[in-house]
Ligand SMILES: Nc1nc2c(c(=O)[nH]1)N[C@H]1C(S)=C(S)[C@@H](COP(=O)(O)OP(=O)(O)OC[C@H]3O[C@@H](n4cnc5c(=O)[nH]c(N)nc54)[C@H](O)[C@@H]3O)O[C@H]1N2
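Below you will find one chain, with nothing else, as structure tokens; this is the form predicted on its own, and questions on how it binds or moves follow later.
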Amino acid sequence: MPREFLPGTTPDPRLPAGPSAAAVRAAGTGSGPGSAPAAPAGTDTHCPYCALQCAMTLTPAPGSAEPAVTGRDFPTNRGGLCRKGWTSAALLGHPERLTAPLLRGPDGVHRPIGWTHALDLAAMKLAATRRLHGADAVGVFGGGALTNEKAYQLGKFARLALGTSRIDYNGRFCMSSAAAAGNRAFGVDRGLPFPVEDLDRARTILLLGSNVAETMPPFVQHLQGARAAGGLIVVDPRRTATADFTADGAGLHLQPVPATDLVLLLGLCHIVIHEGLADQEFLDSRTTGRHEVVRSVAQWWPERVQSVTGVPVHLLRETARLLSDGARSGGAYILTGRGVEQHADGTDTATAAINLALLLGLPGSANSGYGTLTGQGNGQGGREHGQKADQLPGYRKITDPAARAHVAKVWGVEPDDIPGPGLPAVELLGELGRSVRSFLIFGANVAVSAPNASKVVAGLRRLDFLVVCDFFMSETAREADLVLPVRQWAEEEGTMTNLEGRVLRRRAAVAAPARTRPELWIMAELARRLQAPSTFSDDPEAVFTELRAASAGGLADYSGIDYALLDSGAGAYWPYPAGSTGTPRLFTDAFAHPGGRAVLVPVSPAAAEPVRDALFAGSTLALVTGRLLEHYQSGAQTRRVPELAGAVPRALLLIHPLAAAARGIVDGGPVTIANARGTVRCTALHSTTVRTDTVFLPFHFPGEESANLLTGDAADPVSGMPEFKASSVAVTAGWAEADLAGAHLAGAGVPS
């Protein structure tokens, strides 16, 4: 498919068309007879949104505060950008930008104050909480969009300046199940343990639970080899834009009942084993645990799997054979996304996908593999260096005495000065206003993005003191006692780590508003006021140098990477120990477990549970939530871009015409979606892309359109991932006034 015609990169009547690569080349440098004056020099950087981290150049635009965006040739995006990327600079000079610290008054109104007052107040409140209630009464919540430097220093700040173990981040909602599965199977977690370009040569790609055509459109060019070979297989309850790529002989679309992905994968493992498709030589030489897995999948023969998932037997068999054929004749890959991971059994589901890959001999192969698609911009790096509840820099376990000793030496403290493991995100948020009395949030909008959002907002309102660092007045910032205005992606220096484990340079391209401050500076100033041990710098390069030392010898070793290397344009894949050239491809010689073998782990689905929301038993539909092409995460940014907000200004509930007719719901009419946790009111859109037993709602919108008013906070026992993708809802025509409607706005007691 030509680059100019990738979904999301094409000209759109609602959006300004981005320049094509040909147009950029034709523009030249401005030299030559009759040419215009040379254009201002641009700054090479990367998109602020997803983990594909598409390369772009920002160039000052004469007469405008908004720089021009140009897609830059780079292995992940090859010059292409999606709609969000093309419009990313629109936020830099946005009129709603926060430009001064804001303190909430007794009347609930936020008013500007000076930075000295703001930081003195924050330090006083945090110190008082610690003195009165103990260090763990202070909590910290980070984000997968923070640079590596900020994620690293935030973990250090929480543990040393605040002395608390109560830190986690919103990546717990994104990658935690896949990470847990990767760690127990391979001994290490890196989203894609190979360069994304390796996918270009694949004959077969099995993509489970990810709609890349809308979530990261430039990625789809890496699926073209499999499409051409008829080997693209998409597993999704919806007929998504990505599933459409399987049409006309390009592959298969498997459309299972929601939340049955684990059974589907167990069935595929059964077929691979019993049809002689497994790679016996690979299993013998590079794995352990095969016999236990063989026994565990014996009960999931194809006909039984069909009865649970709704996927026909012939499609199950064809999927297994396509994967086996691809592995033996050009390459096969299995890729997972949030759709199969955001469940209370998400770790087991991701493990089943890894077992399938290992049975076929894919991981570590020269032309095949397994990977998971990281979502947030720095979802990979953000979980490597210490803002996760159970980890220290370098992907070290916080309970490991050797890891604690190493990091303590870098920080200049004693190992006992570092607190132990904290609470994963759902549990941490559940303690707001209870054991956690003061809370700091960096780079997250939990009032919209967290599951069971009414419960989370009620917790925010119970706090003694809430500090939120953001560049817009997000729904979470509105709940804060103190809001601190920070800088945006194009106004700061730092590094990001993309979905391949490739470390990239983020560069400042425009001047920041005068009264905004970098998060590193805020942490350093608060640490000084709190008389923290060790040192805290506001210089990104100095922080990265310390990160390198703290990560040395760990699984995610960055010690051989520095800004000079990244500025040279060289690819830098971790692990990158000092003196090495990095590791673009993991597992070529050995896996990260002692002995070098991968581990197949038997998993099984839990016994069938009764309908979770008995209040609506008998009339419920399955709710699937997800992203749209035009929006990102909680929508705090994209809902402020006129072109994106204008294209999709409100939440729309996708419902099959038959399900709608049974409920008297008209196309374009008002609809109420409810369960025991909350009520959402929005507009219905009839669509045959969803199953008759399923509805789809995007999670980018706040207020009464917030999908996470309905999602549950039951969590995976291994990863702590909440169950975003398995909610039961009642759907009715009209905007019903339910008892629970609006409770999230009033902070009333909403059932948990």
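As the structure is a prediction and not an experimental result, all values here were calculated from the model. Don't overthink the numbering: it's just position in the shown sequence, from 1.
In what follows, reference is made to the form predicted together with this ligand, a form of this protein that is not presented.
Taking a 4.5 Å heavy atom cutoff to this ligand in the predicted bound form, the contact residue among Thr347, Ser551, Thr204, Gln637 is Gln637.
In summary, among the residues Ala179, Ala332, Val235, Leu653, the only one with a non-hydrogen atom within 4.5 Å of this ligand in the predicted bound form is Val235. A residue is said to contact a partner when one of its heavy atoms sits within 4.5 Å of a partner heavy atom; Tyr576 fails this definition for this ligand in the predicted bound form, lying far away.
Interface membership of Phe699, defined by any non-hydrogen atom within 4.5 Å of this ligand in the predicted bound form, is confirmed. In the predicted bound form, this ligand lies farther than 4.5 Å from every heavy atom of Val410. Interface membership of Gln391, defined by any non-hydrogen atom within 4.5 Å of this ligand in the predicted bound form, is ruled out. For the candidate spot formed by His343, Cys469 and Asn708, every residue has a non-hydrogen atom within 4.5 angstroms of this ligand in the predicted bound form. Per the 4.5 Å heavy atom criterion, this ligand in the predicted bound form is contacted by stretch 621-629, the sole one of 400-408, 380-388, 621-629, 352-360. Residues are counted as partner-facing when one of their heavy atoms sits within 4.5 Å of this ligand in the predicted bound form; in 311-340 these are Gly337, Arg338, Gly339, Val340, in sequence order.
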